[in-house]
Each structure stands twice: as structure tokens, then as C-alpha cells.
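Just the one chain here, laid out as C-alpha cells, in the form predicted alone.
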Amino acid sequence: MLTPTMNTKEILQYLGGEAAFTYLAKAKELEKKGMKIVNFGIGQPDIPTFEHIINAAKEALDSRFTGYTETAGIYELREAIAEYLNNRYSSDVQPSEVIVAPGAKAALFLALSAYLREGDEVLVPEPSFPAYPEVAKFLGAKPIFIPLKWLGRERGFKLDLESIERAITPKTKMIVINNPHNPTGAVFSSDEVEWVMDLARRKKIIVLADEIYDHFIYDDLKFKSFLSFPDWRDYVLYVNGFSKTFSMTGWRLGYLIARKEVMPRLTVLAVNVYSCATSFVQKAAVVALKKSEEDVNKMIELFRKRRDLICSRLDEVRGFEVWPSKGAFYIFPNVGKVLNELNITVEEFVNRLLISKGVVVLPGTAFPETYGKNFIRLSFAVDFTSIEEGVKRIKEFVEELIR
């Protein structure tokens, strides 16, 4: 059992990984054996990084911009990030309130490390991205999982506001809100976001706002960022990055927004962990922010069409209950009827599907507790042909098992 008094070596024994990378490795092994894989597992846009971003990186390399930079990031990039967010969310972020990191995961680590101590509690709506509870455990804090409300195929997932408030104790330090949400594809409403912010004010807790999928919004939904509140500095740690919006997953660049008074502490932590983000990637990121609007919009429209296709095809699979996600690029169907009929766990379902049909999906229990035991996650960041073929194999798999 994990306890706050354990040392780092003991805690590491209890840390979990990320299922997307575990199943990616399994798929690669099957590919080596000649199996044709359809991979709905990894959360990575299949669109190549936009050409103007690649060219900007080449120019930086050609100009020999390859040394260390200031730990917080080059000023040009921090200024561009602040301007970008302010234009998008009518906020007032200053460059001095931005710290650049080698990936949004590193930014999450900075935020959690700077504020959590042994014995603190962190509220995590579940299912969730695994890094939140795992880093909290590493720091000796305790993740408290609050299941989202599943309202069926017509209404999807919502925050359970009453349960969130009931879970707050004197030890509660933070609540993590990932919006749009991985793995469910939910986009929490303005009312839900405002309620969480009001809770933070009343209970004096921190909101860790992970908005990495903020551009992936469908069906003309309105998205409310935590940066849009005038008093965000008092309650919000904001994380975002370049991996999803600009299809720069392998470039590893993210950032954290926080009030400038805590930046010295964050910078000291950062310099001890990673020194600085990659220099020429930072130069390319400036161009990404300033010149990518048209490319991003095209990608989002493409992903909307893919979402529509995968939902329509999954609806044809016996026992699947499919809610069309409103954001990110994931579908999180309820497959409980199939599992009950076959008397198997979701992990068994996923592993047998991979081995027999070469289709990678992730079990809902990978996110990361038991709430997802009746769900699977599929990423639709793949081409139309793969969606058609992959869901066809899933349908065949289910029919063969139930027959």
C-alpha cells in the first residue's frame, strides 16, 4: 500500500506507466511478425508537422541556434505564447508568467511538484490521463478519484459537482481539470468550469487546468478556458503545449502558466530537472503560434469528419453504446453489455482483440482506476481507411465471440 511516509525508491515500485505506449510496443512486436495492425491506441495526430514549422526549425539549426537557452524559455517564445493565449481567451498573461518545458508532461510535473507536499490530497475526475495521479503519488500526495457522471449515449459525460465538493477535506490542495477531456472526449460546459472556479475560490484550492486539446472542439460548442477568469492568477495553474494542436508530438514542447511570484521556484525546479527545452524547437514554436491558423483549422475539420465516421461505424457493433465525443480525438464507448455477455474483463477483451485481429484499443481501466471497466478508448487520429478497416475487424471479433 502506498503511504506518504515511503521514500522515493519505495514509491517508484507503485508507479504505473501509460497504456498507450505499452500497447504501442505490443503492436510493434506483432508487426515484426507480419501482422497488419490498425492502431487506435496512441493519442497522436497522424498529420505531419506543418511544413512552415519544420522549415523554421531548419533555419534555426542552419543559424547554429543549438545551445542552452534560459530555463524559462526564450523570451520570443514566451511573448508569443502570452499573445496567443490572450487573443484566444481575452486573458492578460504576461511573458514573465510563462515557463517552457520539454513537453506538457514536464509542465504538469513542475506544477504538481511546486505545490504538492506529502499528505496533500488531489481531486482527479475519473477516468483521467494517468500522469496526474502517478506524479501526485511520486510526490507523496494522495489522488482522490471522483467518477464522472455517465449519462448515456445521448448526453455523455459530465463532472459530478456534488461529489467533488463532498470529497474536499482540510488536506485537499488541488483539483485537476482536463478540458477537453482525455479519454472520454467530453467538453465541460461553461457552467461546469465556472462552478469549479467558484469552488476553488470558496475552498482556497488550486485548479490545475490541462487544456492541451483546447482546439479540438466539435459541433460548434463554446469552450471556456480557466485563463478567461480575471482572477486566474489566484487559483489556476495552466498547462498546454504544441503536441496536439500543431502535430508536434515528437518535438516535446509544452508550457506552464502561473503567477509571476512563483516563477523563481518553478525555474529552480526546472533547471534541476531539464535545464531548458530544446533551443531550435523553441524557435519553430514561435512560427507555429503565428502562422498555423489555417492548417490547424483544416486538421480540426478533418478530425470532425473522422469522429463522425468512427461513431457511425461503431454504432453497428453489437453491444456497443457510443456517445459522439465533443472534443479531443477520442471515442470512449461503453462495451459493458459485450463484456457481461462474454463474462470477460475489458483487459481480456482488448488483449484478445489485438492478438486475433491486430486492432489496438485501450482498456478504460488504463485511465487509471476501475471506473473505466466497461469502456474502451479509441483514438480517431488515423485515416479514414484505417477507421473503416479497424472497426470492421472489431465487429467481426465481437460477432465471432458471441456466436
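Numbers for residues come from their place in the sequence shown, where the first is 1. From a predicted model like this one, the values you see are computed outputs, not experimental measurements.
We do not show the form predicted together with a small molecule, though everything after this point is about it.
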property	result
Non-hydrogen atom within 4.5 angstroms of the small molecule in the model of the complex for each of L314, N334 and K373	no
Close approach of Y213 to the small molecule in the model of the complex, 4.5 Å, heavy atom	yes
Any non-hydrogen atom of R252 within 4.5 angstroms of the small molecule in the model of the complex	yes
Q282: touches the small molecule in the model of the complex, heavy atom cutoff 4.5 angstroms	no
Exercise: A186 in contact with the small molecule in the model of the complex, heavy atom 4.5 Å	no
Position in contact with the small molecule when the complex is considered in the model of the complex, options A104, A72, I310, M299, heavy atoms within 4.5 Å	A104
Option touching the small molecule, based on a heavy atom within 4.5 Å in the model of the complex, out of L108, L123, A258, V196	L108
Per-stretch contact check against the small molecule in the model of the complex, the hit in 284-292, 204-212, 301-309, 158-166 (non-hydrogen atom, 4.5 angstroms)	204-212
